[in-house]
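Here we start with a single chain on its own, the form predicted alone, put down as structure tokens.
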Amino acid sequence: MQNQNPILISLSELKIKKIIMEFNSQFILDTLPALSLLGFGLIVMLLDAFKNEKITSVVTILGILISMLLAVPGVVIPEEIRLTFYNQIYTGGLAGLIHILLCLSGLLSVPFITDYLQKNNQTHLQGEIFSLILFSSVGMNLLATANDLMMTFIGLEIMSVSLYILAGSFKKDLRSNEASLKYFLLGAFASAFLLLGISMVYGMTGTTMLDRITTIDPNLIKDKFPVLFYPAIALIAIGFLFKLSAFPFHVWTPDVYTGAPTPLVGFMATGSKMASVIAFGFILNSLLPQSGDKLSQVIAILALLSMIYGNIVAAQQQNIKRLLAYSSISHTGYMLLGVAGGPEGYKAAIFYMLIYTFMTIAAFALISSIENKEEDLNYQNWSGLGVKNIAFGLIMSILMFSLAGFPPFAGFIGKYFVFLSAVKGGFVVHAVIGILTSVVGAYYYLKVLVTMFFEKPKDNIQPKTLKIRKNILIPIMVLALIIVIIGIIPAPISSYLDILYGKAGFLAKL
């Protein structure tokens, strides 16, 4: 040490101090949205430990709102997306918007979950459920904004483990236990496939950083590893297609949707799908140069099969939760069709997921409001319910018409953008078949409304299923109004998404 130049030592110390200062300021600002979710999750756990159940929902909502507000500056003032946390996570711009949208699914679900737990005398579960919602939101955000495949896997596992436990929240309910066990066992297999695919990609490329993989010569990988390349992509795709409940990796969906507590299904079916769609599109975008059009063709075929299978099987269901479970498979098909369409399709998929979030959370919240026993979930028992309860009938009509894709509701606009991006991407036949499958979807959605409005009431069932609390009815009405407004005036959201998307090189480039 004595022989070292003191000037060089001084310069090194200044450089280290500068790095530490930049790390402390910029790093903290960039990671605050996710860190705040984690912090509030720990706070909710402490409140639960001290049996303070009354304010856990308030603290949860406050935590999610603060996290969303911390991400607002980069969204309100559109900025270039940037890397943080040793180049492993994207932040700012579109990444900030993605964070807000993912938090939105949790924020909208909390009031309905609170009401459902009170109705079922399960308020002692609030602490663990809301802390898991916050922790799963952290995982969703890491998954959707990761630039490193290992960070993608970590985010996926944080999200998945939280959802496995949420599915089995009602420990004395055999259906809830069954849903959790099936979800966990099948999810573990899917995670193993994903991790194996990631390890193979690392073996071929020498890196797990997606921005570096895009710079590697495509021919170099395929020439050196012709046997490993496509199996690696297939394994990664299987891991994500399971989370998206795409055909043929959908087998867990109907049982989990049916067994899990109803308003929790709305959260599980929206945030996790949005995060998985975005992450899957991001990874595909990085691997497309190496695979050419073959990967897009495979995704388009799986999207087509999901649309056909989901709609046909949903048309045969009488349990409303199973009907929505199978219809979610078809909605996954629409989103995957957008992903197959390239950069324009990724944007359409994000827009579609926003609309799907409003529709799905509102639908499961409305179902939970009249659910007193298992028979209430059979919509054949809803005969005359739309006439006898005008508010219920009106909201359900808006939701069913929007899910079916009728104008002027938001569901129509979402499907329009997805099919348009598919046509621009060269998947004209797939888009046409997708439109035809939407006709099948319209059949079973309208069938629910026909039962509610045009069939004779069943007096022995209706008095038990008509009472809806005002504290849950008003938020659902607000969601229904948002669906109508977006359907009539979609331009503000789509235009702003265009601005942010144009600055997001990690999704916009090919």
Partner chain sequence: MDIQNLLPLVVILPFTGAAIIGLLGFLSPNFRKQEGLIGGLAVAMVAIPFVIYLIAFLNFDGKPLIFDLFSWMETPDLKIRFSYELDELSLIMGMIVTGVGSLIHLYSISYMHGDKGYYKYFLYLNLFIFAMTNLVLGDNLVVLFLGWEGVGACSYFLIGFWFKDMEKAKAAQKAFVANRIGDFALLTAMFLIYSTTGTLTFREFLYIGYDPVTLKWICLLVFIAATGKSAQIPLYVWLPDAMAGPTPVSALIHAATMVTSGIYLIARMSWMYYNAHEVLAFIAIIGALTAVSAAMTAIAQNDIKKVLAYSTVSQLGFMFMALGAGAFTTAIFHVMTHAFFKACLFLGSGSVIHAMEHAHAAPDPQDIRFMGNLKKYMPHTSKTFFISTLAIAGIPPLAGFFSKDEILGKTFAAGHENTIYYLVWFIGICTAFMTAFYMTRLYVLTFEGKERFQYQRTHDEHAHHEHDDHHHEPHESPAIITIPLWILAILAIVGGFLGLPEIIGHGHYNWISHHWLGGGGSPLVKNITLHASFFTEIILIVLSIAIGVIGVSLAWKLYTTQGLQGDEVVKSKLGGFYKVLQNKFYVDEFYNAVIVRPFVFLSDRFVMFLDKEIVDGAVNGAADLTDITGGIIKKLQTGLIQNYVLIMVCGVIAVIAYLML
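Positions refer to the first chain, counted from 1. Computed from a prediction, not measured in an experiment: that's the story for all the values here.
A second form of this protein, the form predicted together with its partner chain, is not displayed here; the remarks below concern that form.
Assess the spot marked by Ile43, Gly206 and Lys321: is its partner chain within 4.5 Å of a heavy atom from every one of these residues in the predicted complex? No, the whole trio is out of contact, none within 4.5 Å by any heavy atom.
Exactly one stretch in 97 to 105, 242 to 250, 130 to 138, 351 to 359 has heavy atoms within 4.5 Å of its partner chain in the predicted complex; which is it? Going through the listed ranges, the match is 242 to 250.
Wondering, does Ile154 line up within 4.5 Å of its partner chain in the predicted complex on heavy atoms? Taking the distances in the predicted complex, the answer for Ile154 is no, it never comes within 4.5 Å of its partner chain.
Against its partner chain in the predicted complex, would Pro254 count as a contact residue? Criterion: heavy atoms within 4.5 Å. Flag for Pro254 set to yes.
Val227, heavy atom within 4.5 angstroms of its partner chain in the predicted complex: Judged by the heavy-atom cut-off of 4.5 Å, Val227 is in contact with its partner chain in the predicted complex.
Evaluate Tyr443 for contact with its partner chain in the predicted complex, applying a 4.5 angstroms cut-off between non-hydrogen atoms, and reply yes or no. Residue-level check for Tyr443: yes, a contact with its partner chain.
So which of Tyr326, Tyr116, Tyr379, Phe85 gets a non-hydrogen atom within 4.5 Å of its partner chain in the predicted complex? Result of the distance check: Tyr326.
Of the options Ala315, Ile433, Ile165, Ile216, which one has a non-hydrogen atom that comes within 4.5 Å of its partner chain in the predicted complex? So the residue touching its partner chain in the predicted complex, by this definition, is Ala315.
Where, within 169 to 196, is there a heavy atom within 4.5 Å of its partner chain in the predicted complex? Residue list please. Counting only heavy atoms within 4.5 Å of its partner chain in the predicted complex, the contacting residues of 169 to 196 are Lys182, Leu185, Leu186, Phe189, Ala190, Phe193.
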